[in-house]
Every structure is written in C-alpha cells, then in structure tokens.
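We begin with a single chain expressed as structure tokens, specifically the form predicted on its own.
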Amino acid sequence: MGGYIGKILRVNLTEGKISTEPLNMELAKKYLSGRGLAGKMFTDEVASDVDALSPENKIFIAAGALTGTNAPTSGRYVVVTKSPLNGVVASSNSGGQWGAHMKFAGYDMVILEGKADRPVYLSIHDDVVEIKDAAHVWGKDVYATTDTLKKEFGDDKVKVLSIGPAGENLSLISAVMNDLYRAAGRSGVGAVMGSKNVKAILVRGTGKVENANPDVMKTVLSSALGKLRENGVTGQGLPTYGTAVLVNIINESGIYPVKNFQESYDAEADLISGETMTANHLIKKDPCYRCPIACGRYSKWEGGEGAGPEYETVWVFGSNSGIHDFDAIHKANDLCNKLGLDTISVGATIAAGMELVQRGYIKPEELDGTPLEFGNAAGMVEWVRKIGYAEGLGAKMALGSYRFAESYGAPELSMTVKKLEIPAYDPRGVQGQGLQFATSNRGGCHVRGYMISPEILGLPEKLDRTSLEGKATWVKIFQDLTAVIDSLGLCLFSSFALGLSDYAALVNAVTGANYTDEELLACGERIWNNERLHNLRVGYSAAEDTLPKRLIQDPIVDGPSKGQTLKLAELLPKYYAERGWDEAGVPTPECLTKLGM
C-alpha cells in the first residue's frame, strides 16, 4: 500500500530498549492511522485506571495515512495518551513539518512507554535510533532546546519536537511543541512527556512516502487543489488574514466571548482582528508542510517577532481578558510557545482568575504584586510566565481553570467541558456548536466537529444557528468526518472546501484502498465510539455531556445574540439516538456490531 510506511518504533524508556514492529494493517483499514489507529492501540494497551502521569501510561505519536504525501495539508500528526487534565483519550493535533519527517525517517508511529531514570531525548536518523542524555537542555525553553539539539545533531534539516519548562513541571495545560511554534496543545500532553523524563524527539529522514496510484493521484490532487483555491475561506480569507479573520466574523454574530464569557460582543474587537494584524504586524506567511492555504502567520511586535498568534489565542489573551493590546497578545503567545503551554487553556485560566479577583474570591496578598484583572495587559503577560514556571499562584493556575476555580469554591467560573477550557465561540448563540462542545470526547473543543462552518460561515451550506432542526445529525456527521481527517493526517481547514468524496478519492489514490464514502465515514464513527467507550470506562457518563452553568442557564446579555440560550436538554436525546446510543449515552450492542467493534 502507499501512504503507510508499515512500521512502528517502540521505545521502552525504563529498560532503554528500542524496537520496531509492523503496523497492523487490518486495524489500519478500520481505524486508518493518526488519531484513529493510535487511539485504538492506546485503548487496547493502556488500562483505564492508569494514572496519566505514571510510567504505566503510554504516549503514541502518530502520523496520518496521508502525512508526508503530496496530498494538500498533509503535514499533521497527533499525540495520543491518557490526559492528565481530565482522564480522557488525549489526541492533540499539530502541523508544521515534524510529522511528515517522521514518515520520511521510516515510521508511522512512535510509542513511548515506561519512564527514563534521568532526562533524555530521542534521536531518530532513519534506522539509527538512540536515547541520549538531556540533562544539558532540561530546564531550557523550547527555542533554546531546539537550537542546542539541532547543533548537536549536526544537520540543519533535522526536525525537533520538545516540551518546555511547563511540561517538565507537569503542568496539566502544557503542550508538546514542534518546529519551534507548532503545538499539540490541548489536554496536557506535555506533562505526560515530562513525567517520562523525555525532553525532545529529533527526526531526520531521507526516505519518502509513496503513492500507490500516482497517475490517479494527479487527477485527484488537481481537483482538490482547485477547490481549495476557489473557496472563499481557504483561497482568500485564511491566506490573506490568517485564522484571526474570524475575530470580526464571530463578533458580528454576537458569539465572541468577552471577560470569561460574561459578555458575548466586543465593540473594540477590530483592534485585534486579523485585518489589523495583517496591516500592522504581519511579516510573512508561515505554511505547514504541503499546505496551499498558508494560514500560519509570522509577525512582529514591539521588541520581538515570532509565529502567530492564531484566532483562539488572539481572543483568549484579548477580548476574553478585556485586553486590546496586540503587542501584549503577541508576547503572551510567544511565551506559551517558549514555555510549552496551550494558549487556550492558559488564557482561559487567567481570565477565570480575573473573574475570581473581580468577585472577591482571590485576595490581593495572594498575587505577589502582579495584577490579575480584566484589561491589565502587563499583568496578563506576567501570569503566563508564572504559569509556565509554576511560580506562586501560577503553580495552582498551571493545573487548569477547573481545579483553580474549584480550589476557591467557585468551579462554575471555569468555562470548561470535562475540565477542558472552551474556545472562542459562545454556545448559547450557535446551537450545533454548543451540542458539539458538550459531547466532545476530549472536553471543550471546537476541532472535534466544527459546526461554525455551516452555522456561521455557510459551508457546505448555511444553517440557521438558532434552530435545533437537524443539528444532532449534523454534529454526528461533522464529528465522524473530523475523526477521518485527523486520522489521514490532513488539516481540518481543508474541509471548508473539500467533502467526504474528496477525502475518499485522496486516500484511495494514495493508499490503493477502495473505500466508498460510506465506508470511510464509518471509520470516523468507529473512532468516535472507541473514544467514547474509553471515557465511559474511566467514569464519565451522560452527566458530563454538559456546559458550565452560566452557558446553560443564563441568556446572552448583549450584542446581536442578546437573549439567546442553548437548548442542550432538547438536543442531547436526539444526538444519542442519532449515534445509536441508549438514553444514558452508552453505545448499544447493535451500534458496536454494525461498526465491527
């Protein structure tokens, strides 16, 4: 088959043992690769009661079936493990170049198990794989680590994946970083890597990923590229303004959260929009591997330059913190990249802290002189640093907003689902996205089924965002399709222009398989149910398919969506029925039999 390399690298850190094994192609046919196959192997190999930060947890770093090919946006990989933040299957997705180069080195997946007895890093140069001492880079930030290890490797083409001080300090909102600025950001995967004493993984590959049907691929690729270029979002909006093009769009819909979701419209949002960033801060585009969209930004600010920031980051350090200072937003983003932190969770935790101060839960003497208040840009940036290094109150904040707010007896001020912070869309004004937040297998996540696409952007067709009609069906389809895209190693943004038939054509041309549209989507449904079953085993139930009290009980207070509420109680039973689950949200035997599970 094309696309797949057919080989897994397994590293037992406790024993210092390195081995290879063949990829299970029967499982790959059912779960693809990337998120799907790694998720299945995780649930098969790791007991549900394992402590996420214990040596018994494992990390599966997996490329997709199309990663490293000439398919558009084929640069992505995932980090699958048990989340220390909430105990679910963490499947954190990242772009850039690293994932493709893992395939070039000859591996579909790298599995880390056990725990090293000292700080180490893994060096992969095709068939030469070594566990090396990392004492000299332990404690260094991601940028310094990358620079040091690249020089040590002696080949500038090597790609570096690493954690920062946040991961070393076992922050539950730490990220795994690659190519300096790219982040497998959500669910605390950096802490799991830190718990194993693994600082970095270097890959240098001289091979390539073959296409099974190169002549067919030429036609399929031409069609896909044409659709991506002609689409208004992938061909114009994202390339021109980056993901922050969404700031004004979401704000004008009245679903742009402000001050920890206390409000949903920001009259000054344009000060931190993609248009403003392009006019005043953009240096160049920074695309991932094989990406014609090129939404990545490389920007300047007073005193520095670097990657981003992305839409979610602009929002969370901006309007959600009551801030309109783009320099401060850039600095906070850059600190997160250096320290190895998830920007959404960090910014949301800071915003929750600002509200805790606002309501008198946090006393001034706890702040060590650092302001924690809406609108204070300098204070916000300093709290990012304190979280990364677990200094003072920052150590408590490094555990995420739920545990932080709960420690003051106010968990309702944490805007989370299943303890994972919700991104930049107020679910009260967009019913499908609200349902998706509540039912997401990893918690508050927009990229498990991006219902903003049809409900706001009108892709593939425009839906009434306030209506409940058909939303359960749409959410299920989007969740299953997203699982497919993640498992192919493609970018979710490609789905603005491409549909299920396009993905089937790509995977068939590359791998030589013969998936029908229905069979490919069934892979996504299988992946979703496998994750759901794990979550049920670790103790989650339908009771956790919900949102914070504020977003369930209180109507939006201002802006174009004023008065709107989320009708989750009406949507959930329809969603469970659509999935073939019982009324308690448990997959039925009939559902699992249909999926061959």
Partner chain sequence: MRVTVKLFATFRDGRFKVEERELPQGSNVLNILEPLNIKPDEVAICLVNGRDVNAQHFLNDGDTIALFPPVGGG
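Residue numbers count along the first chain shown, from 1. For clarity, every value in this text was computed on a predicted model and none was experimentally measured.
Same protein, other form: the form predicted together with the partner chain, not shown, and the subject of what follows.
- Exactly one listed residue, out of Ser253, Gln97, Thr146, Ser195, brings a non-hydrogen atom to within 4.5 Å of the partner chain in the model of the complex: Ser253.
- The contact with the partner chain in the model of the complex, taken as any heavy atom within 4.5 Å, belongs to Gly232 out of Gly232, Pro214, Pro292, Pro371.
- Remark: of stretches 347-355, 508-516, 235-243, 317-325, the one touching the partner chain in the model of the complex is 235-243 (heavy atom within 4.5 Å).
- Although the partner is absent from this view, Arg442 stays clear of the partner chain in the model of the complex, with no non-hydrogen atom inside 4.5 angstroms.
- Contact check for Phe478: every heavy atom lies farther than 4.5 Å from the partner chain in the model of the complex.
- For Asp270, a non-hydrogen atom is located within 4.5 Å of the partner chain in the model of the complex, even though that partner is not displayed.
- Interface membership of Lys462, defined by any non-hydrogen atom within 4.5 Å of the partner chain in the model of the complex, is confirmed.
- The candidate spot formed by Thr20, Tyr31 and Met109 lies out of contact with the partner chain in the model of the complex, as no residue has a heavy atom within 4.5 Å of it.
- Within 4.5 angstroms of the partner chain in the model of the complex, the stretch 450-489 places a non-hydrogen atom from each of Tyr450, Ile456, Leu457, Lys462, Asp464, Arg465, Thr466, taken in sequence order.
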